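Just the one chain here, the form predicted on its own, laid out as structure tokens.
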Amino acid sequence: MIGIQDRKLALWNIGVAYIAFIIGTFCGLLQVFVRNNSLDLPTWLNYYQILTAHGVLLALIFTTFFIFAFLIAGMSKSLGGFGPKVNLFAWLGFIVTTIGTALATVMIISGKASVLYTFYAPLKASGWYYVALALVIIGTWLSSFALLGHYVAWKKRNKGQLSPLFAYMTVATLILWLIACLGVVATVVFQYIPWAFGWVDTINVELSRSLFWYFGHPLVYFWLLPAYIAWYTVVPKLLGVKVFSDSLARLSFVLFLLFSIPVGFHHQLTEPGISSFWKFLQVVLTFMVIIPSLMTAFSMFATFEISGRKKGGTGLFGWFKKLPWKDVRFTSIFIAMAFFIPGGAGGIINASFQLNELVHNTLWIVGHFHITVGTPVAMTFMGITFWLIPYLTGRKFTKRLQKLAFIQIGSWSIGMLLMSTAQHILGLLGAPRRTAYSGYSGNVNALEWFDGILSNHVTMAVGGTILFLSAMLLVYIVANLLFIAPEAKLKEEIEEFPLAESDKSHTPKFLENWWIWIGVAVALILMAYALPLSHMIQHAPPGSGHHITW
């Protein structure tokens, strides 16, 4: 077991993560019924409040707190317990992030920040909402510096040695996060806060959106990379084999770091004011991230086959039957990987110049978001939850809870399949996103969108309801693992942190020279952003005032 303080810190992060999860999923349930015209919200609550809460609490808050819980536990396990300075900074980071989260939630629920997850200007929230967002980022930076400090201390004690794979991947993830956050910090501190508090009259909308998406796209990989850490380091242990290739795993994370940041313009392909050359350049860089994604897929399926054949699987696909399907920790992650295949294909469509024109402002994007973040990331985090909490609490993941966990991941898969499929199809037909219920003024062509079995808001509501019930079952399992499940007393009952062995004997040491990769990342960012951003500043339009539409 890891140290008591490290364990407490990880558990507190998990606790806040799942509180945000409860509120966020309930807001999601309300959304699908409002869109289906089956629910009228009370006068003090409107659709855009719950839409903002759903996006912020699930996509930003739940993921961030859970990721840091996982990374804290893994770094303590792989590099040893935290020292007093690391503990201090990690706790400070948790406290500041929690204060920011609480303030942001109050602003959203009170109706003073219904600006959606992307908080695009010129929609204006209360200035305190932007202060809350700044506190969330500052808190994560403190936690990040704590973990990086722990890594640096280990490197000093083990000069010339490659760090454990989990620690290496954690460092790559945190470097990506720190660099990516520079964009959102710049726009929130220097644009939104002065504008929201009335210190300046206008805001440069184009610049604010560009800085947001400089952060917004690598944010997706901040969610994905911890899931990949589990795929690379935890799954092989569950399968009883070593990591397929240590050097391939490390190289894939380097490539994710390099190619996930300078690509924000592919979220702005329909916006004026950005030259098509810069958009095209960032689309090309976007497609480069396909390479480490395919490397990851190859590594995972090679791991599956090695494990299956080791257990006696023969023939072309005999190994598939030998995988540990009765282990919910593995099955949940395997389903998550399967969902990522259509999710990745949809991402290629979204980043394409011509195809983006068709799907950009439609429900297709919402479906894509749910089938990438809401399934591969969320279900991987569920699979981690089933062993991480027992590891931290010393309680047993009983057979009854394991059966409930299978029901939970099965229902989550069915609900997400129904909801995201309906969203994809409705998006292709033209149904817009970011809107509450609309009768489209009785327009015949628009109403035909909803005639199909799958292309129907009812199907979306059914899927959303199943997802909410699955979410509540997950919360029940989490509460049991935290407070109720019996303590593990026998040695074989004690949950371990499943970290697979990784052969580092053939791994090039330059892969861990972080200054090289940070330098290349900065060069790519400057190449993709320096000229277009300077043009937006030097040739800025008069600026926009504020709009409050709720």
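Residues carry their position along the shown sequence, with the first being 1. What you see is a predicted model, and the numbers here were worked out from it, not measured in a lab.
Another form, the form predicted together with a small molecule, is not on view; read the next lines as being about it.
Q: Going by heavy atom distances of 4.5 angstroms or less, which of W128, Y117, W91, W141 would be at the interface with the small molecule in the predicted complex?
A: The residue from W128, Y117, W91, W141 that makes the contact is Y117.
Q: Using a 4.5 Å heavy atom cut-off, which residue among Y437, F301, Y440, F190 comes into contact with the small molecule in the predicted complex?
A: Only one listed residue qualifies here, and that residue is F301.
Q: Just to confirm the contact call: exactly one of 402-410, 82-90, 141-149, 368-376 touches the small molecule in the predicted complex at a 4.5 Å heavy atom cutoff, so which is it?
A: Of the stretches listed, the one contacting the partner is 368-376.
Q: Find out whether any non-hydrogen atom of T286 is located within 4.5 angstroms of the small molecule in the predicted complex, and reply yes or no.
A: Contact with the small molecule, yes.
Q: Taking heavy atoms only, is G347 within 4.5 angstroms of the small molecule in the predicted complex?
A: Looking in the predicted complex, residue contacts with the small molecule include G347, since a heavy atom lies within 4.5 Å.
Q: Hey, in the predicted complex, is A73 touching the small molecule, heavy atoms inside 4.5 Å?
A: The answer is no: A73 has no heavy atom within 4.5 Å of the small molecule.
Q: Can any non-hydrogen atom of F244 be found within 4.5 angstroms of the small molecule in the predicted complex?
A: Contact check for F244: no, nothing within 4.5 Å of the small molecule in the predicted complex.
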